[in-house]
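Form predicted alone, single chain, as structure tokens, below.
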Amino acid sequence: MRFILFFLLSLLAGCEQQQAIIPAEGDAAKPVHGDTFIEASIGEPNNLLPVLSSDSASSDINRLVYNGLIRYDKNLQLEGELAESWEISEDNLTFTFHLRRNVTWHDGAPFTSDDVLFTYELYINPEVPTSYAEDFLQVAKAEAVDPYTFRVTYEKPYAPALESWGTSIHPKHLLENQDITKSPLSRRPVGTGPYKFFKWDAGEKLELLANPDYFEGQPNIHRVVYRVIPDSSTQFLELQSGGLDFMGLTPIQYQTQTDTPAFTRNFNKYRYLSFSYTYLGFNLTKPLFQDKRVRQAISHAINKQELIDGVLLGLGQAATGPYKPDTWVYNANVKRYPYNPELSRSLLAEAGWTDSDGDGVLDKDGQKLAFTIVTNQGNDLRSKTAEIIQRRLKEVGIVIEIRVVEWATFLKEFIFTGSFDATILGWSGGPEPDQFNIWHSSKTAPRELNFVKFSNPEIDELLEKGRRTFAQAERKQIYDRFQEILAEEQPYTFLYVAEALPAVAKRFRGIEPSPAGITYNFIKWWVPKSEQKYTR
């Protein structure tokens, strides 16, 4: 599960399309090339080299610029992308990938197995500040057997091995012997993907153009534009006025602001339970949060249903751990934290927090029970969640301050450095249940994903075992116990799994909702000539 905060995959389960797509009279059913697709991001991309990027804005762009060896198909089954096929040895230790021929980088250079080997070496290089080395550190040997055959051998069986090769492949001929952190490709990427980088107007927008030489065929949509619009209300105004073609709606926008003839005429809405969850994470290096009774008390003081009703308008479910409820790995029997302010006060008293001076705020050894929740600008749901939590915690004697910070600053100065008390954020992922990068105690260094600094020996052991086990029934037992420990320890208060609520301009055809989402086949979306808005 990658730290992209928090839309790495537009994964969809039980999609409900709200309006039908009806072609304009006289339009041919055959897809045509042309037009522009415009969407917005709450912040600028951090880095357009996938090995260095760890934010959603960068990942949204990189998924169109680069390819991996494999990917998920529309039914969430792994299929080849840059690899045409592969074989796995009987002992599950050796993977041999047969690569596509006649694939070129955007600058015309040929793609070969040397690029794959270089990408592997990039991720395991200790001088490269990546959050995603772990998958590749499991490899005992990697070799470019010939220009179109790549083979990796693992020292031990590694269940996420095949999925890990969905990682974007980097161009060796442009990055070899370079300081990766100073590469111009971080601003002007060169990939093998369906779209080529065109230009980046800092603070305003980034543009991609369809790759006419793409190995799966030139995408139908000629241009993709990402506009930087930090505020969701402004994004919605732009959507309504035609300045955007796509937006993830907020619940209030979905429920009350889009049921108009004009919106229905111009947009299709979709609704599905996302592969993501929102949480309140505690910095476990802070003395306040090192007593699990305090963490448990905070969880009991939060009314999750109130958040679902008040923030999500009912469009979501309570989270109890890191997996969404309709997946095979989800454990429905973990310890729950129903709203119970009396129990919250009792747990805090056990931990030594009492109101010694009668001012309504708990204290201990002369210190008030107070901390700051930091979250990112541009996500109204998180801000509203923080405000409701602030009110509820006040009722049990905890004083909360809320700080909302611009996206890039939020990552650089707070999350990456661990300079926070608590944070409201989210994780997004996919079908593979491995959580090593987020929860293992070895992943607490700067820019790594266990930024709350959680450490538990049994969790470490379970995560190690889970990634070495292939049988789903056995993995289920491992991850059930993993969820039980997280539920007991509460390093996060797991808040809710929200429904994703995307809206897409109605002129776009070819959208086929499936278990893999609505964007898995984006290169096949198209607009009839009579409805195209843009000529370049």
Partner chain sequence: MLVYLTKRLVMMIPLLIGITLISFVVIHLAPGEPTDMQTDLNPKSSIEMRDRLRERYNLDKPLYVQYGLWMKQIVTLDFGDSFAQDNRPVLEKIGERMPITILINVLSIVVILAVAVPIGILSAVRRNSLFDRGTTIFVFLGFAMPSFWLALLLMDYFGVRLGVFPVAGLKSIGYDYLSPVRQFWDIVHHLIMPVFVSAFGGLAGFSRYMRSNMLEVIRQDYILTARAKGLSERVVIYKHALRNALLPVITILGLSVPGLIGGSVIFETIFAIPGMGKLFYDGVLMRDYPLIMGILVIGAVLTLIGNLLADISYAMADPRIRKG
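All values derive from a computational prediction rather than experimental measurement. Numbering follows the first chain given and starts at 1.
Keep in mind that the form predicted in complex with the partner chain is missing from the display, and what follows is about it.
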| query | finding |
| --- | --- |
| The unique member of R227, R151, K304, R100 whose heavy atoms fall within 4.5 Å of the partner chain in the predicted bound form | R227 |
| Single option in N47, T469, Q490, N62 placed near the partner chain in the predicted bound form, where near means a heavy atom within 4.5 Å | N47 |
| Contact at L52, L237 and A408 by the partner chain in the predicted bound form, all three, heavy atom at most 4.5 Å | yes |
| Listed range touching the partner chain, judged in the predicted bound form by heavy atoms within 4.5 Å, from 76-84, 229-237, 247-255, 330-338 | 229-237 |
| is_contact(R187, the partner chain) in the predicted bound form, heavy atom dist at most 4.5 Å | yes |
| 4.5 angstroms heavy atom contact with the partner chain in the predicted bound form for F451 | yes |
| Distance check, S241 to the partner chain in the predicted bound form, heavy atom within 4.5 Å | yes |
| 4.5 Å heavy atom contact, D380 to the partner chain in the predicted bound form | no |
| Within 4.5 Å of the partner chain in the predicted bound form: residues from 261-278 (heavy atom criterion) | none |
